[in-house]
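Provided below as structure tokens are two forms of one protein chain, presented individually as structure 1 and structure 2.
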Structure 1
Amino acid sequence: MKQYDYLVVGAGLFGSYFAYRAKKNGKKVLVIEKRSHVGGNLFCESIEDINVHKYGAHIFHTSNKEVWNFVNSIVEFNRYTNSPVASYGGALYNLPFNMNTFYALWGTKTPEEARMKIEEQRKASGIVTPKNLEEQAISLVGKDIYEILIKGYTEKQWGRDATDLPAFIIKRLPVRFTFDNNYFNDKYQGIPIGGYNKLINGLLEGIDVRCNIDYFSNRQSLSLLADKIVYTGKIDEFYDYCYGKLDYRSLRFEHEILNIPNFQGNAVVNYTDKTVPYTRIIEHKHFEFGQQPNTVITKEFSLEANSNTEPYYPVNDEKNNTLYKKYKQIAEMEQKVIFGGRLAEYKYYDMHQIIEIASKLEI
């Protein structure tokens, strides 16, 4: 008889929530994590008494009341509303695209004026069948919004020119004809009071967890510890890249302590000008309405993932999706391995979606 029912590889949200459910169902679980801490990219570090999102901004949002009630049963969430600002050429614009944005761009004061401006630019483009991301975006929102708020940011994110990116990456662009700066349409939104570590630690309470353990450095003996494996890492790595490597985008962060109480007046400011090397600056104290005397900011840089960087985002273009399907086919034949999360399923998930998917798995 094996020592554990489940070996969970990776202590991010998927792995932690699966382990929580398994324990509730009377199963013995071991969670292993290659980093020195649990929580994956949700991990927060206390700096200057501020919960710093070490791996980028994370805002929990959902319209699923059951999910919202569940996470609040682990840790109480605050009323933070994500209202990012875009900086371009020294001017500031509200996101998502709304009446405040259109007024800053064109001085339009009514929804009808804004609609007409967008429609006028869409028609002027003459684009009928978009051949790339640039043409797709212009055909949806016109030239001004594209050039000021989309082009530079997108090219920095992907590390490619917008004309070299496929049109299907942007299926739609949210345009609001109201003066509403709330980025998400979901009913519930917030940040755990005291940071995301409280959520992860609550999920993993009473569960065997070992950090600084690389599954692949001792795969055989670790796999023998449990009847089943829950794997949350890169699916191509699990199969030793037998079909080739999947592409991922990564991030690099520059954290800085400033001896001032407030640097930018907002948690997230996107820099949409391509001449600015970083994609955004995060000021962490605003996630929890902090009143600390100092502040911590993080500049976020997008780059191609390699063996020395953490993979963050799957590059879901045609080439990579085709390659992933090959891995998925062999993964579906596994009797004792469950694949879950962004890296294992090669799909972008928000946090609430991770919980929804993991809650449906049979344990």
Structure 2
Amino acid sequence: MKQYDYLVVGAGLFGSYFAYRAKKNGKKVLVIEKRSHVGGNLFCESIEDINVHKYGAHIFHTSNKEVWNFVNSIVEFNRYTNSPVASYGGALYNLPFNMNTFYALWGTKTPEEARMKIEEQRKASGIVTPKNLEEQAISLVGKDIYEILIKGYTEKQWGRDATDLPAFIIKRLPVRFTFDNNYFNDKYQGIPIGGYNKLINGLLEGIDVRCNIDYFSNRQSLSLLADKIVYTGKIDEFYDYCYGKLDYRSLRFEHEILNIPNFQGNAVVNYTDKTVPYTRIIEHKHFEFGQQPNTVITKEFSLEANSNTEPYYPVNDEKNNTLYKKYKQIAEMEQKVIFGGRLAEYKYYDMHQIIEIASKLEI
């Protein structure tokens, strides 16, 4: 008999939540993590008494009451509502695309005026069935918004022309004909009071966890420890890149402590102009309505992932999706390995989707 029922590779949200469920079901679980800490990209570090989202801003949002109740049973969430602002050419615009944005750009005061403006621009573009991100964006919000608020940001973020990117990426953002700057349409949203580490530590309570262990540095002996493996790392790496490498986008974060209480008056400001090298600046204290005397900001720079940088975003274009399908085919034949999460399923999952998917797995 093996020492553990499950070896979970990766202590991100997927791995931590799976381990939590397995323990509840009476299973013995070992979680290994190659970073020096648990939490994956949700990890926060306390700097100046502010929970700094070390791997990018994370706002939990869901319309699924069970998911919301579950995460709140581990840690209570606050009522933070994400309302990013976009900066372009020295002017500020509200996001997501709504009546405030339309008014600032065009002076349109009614939903009908705004709709007419968009329709006029959509017609002029001649797009009938959008085939890529650019066409999808122009169909949804017209050419002006595409040029000012989408094209530059998107091409920086993905390192590809907007015409080479899938349409679904832009459909993540609401388009609203009301004066409502809430970035999400979901029923529930917020930030764990005291930071995301409370969520992850709550999930991993009482579970064997070993950090600083890369599964691939000792694959054979680690695999012998458990009956089954739950793998949340990159799927192409699991198969030693046998069909070739999948593309991922990486990020570089520049964190700064400023001796002022409030730098930008908002947690998230996007820089949509291509000439600004970063995509957004995060001011972390605003996620928890912080009143600390100083502030911490993070500039986010996007780059292509390579063997020395962390993979954050799967690039779900046609070429990569086709390659992923080949890996998925062999993954489906595995009897003793469960693949889950953003990297192992090569999908642009948000946190609530991770919980939804992992909650359905048979343990």
Ligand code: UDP
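For clarity, a rigid core is taken as the largest C-alpha set superposing within 1.5 Å between two forms. Fair warning: this is a prediction, and the values are worked out from it, not measured in the lab. FYI, numbering is relative to structure 1, first residue = 1.
Novice: Please identify the form predicted on its own: structure 1 or structure 2?
Specialist: Note: form predicted on its own is structure 1; the other is not.
Novice: Align on the rigid core first; then say whether the Cα of residue 135 has moved by at least 2 Å between the two structures.
Specialist: After core superposition, the C-alpha of residue 135 moves 2 Å or more between the two structures.
Novice: Following rigid core alignment, is the displacement of the residue 185 C-alpha between the two structures equal to or greater than 2 angstroms?
Specialist: No, residue 185 moves less than 2 Å.
Novice: Tell me, please, whether between the two structures the C-alpha of residue 226 is shifted by 2 Å or more, with the rigid core used for superposition.
Specialist: No, because once the rigid core is superposed, the C-alpha of residue 226 moves less than 2 Å between the two structures.
Novice: If the core is used for the superposition, what shift in Å does the C-alpha of residue 164 show between the two structures?
Specialist: Looking at the C-alpha of residue 164 between the two structures, the offset is 4.3 Å.
Novice: Quick one: CA shift at residue 126 between the two structures, core fit, Å?
Specialist: A shift of 2.9 Å at the C-alpha.
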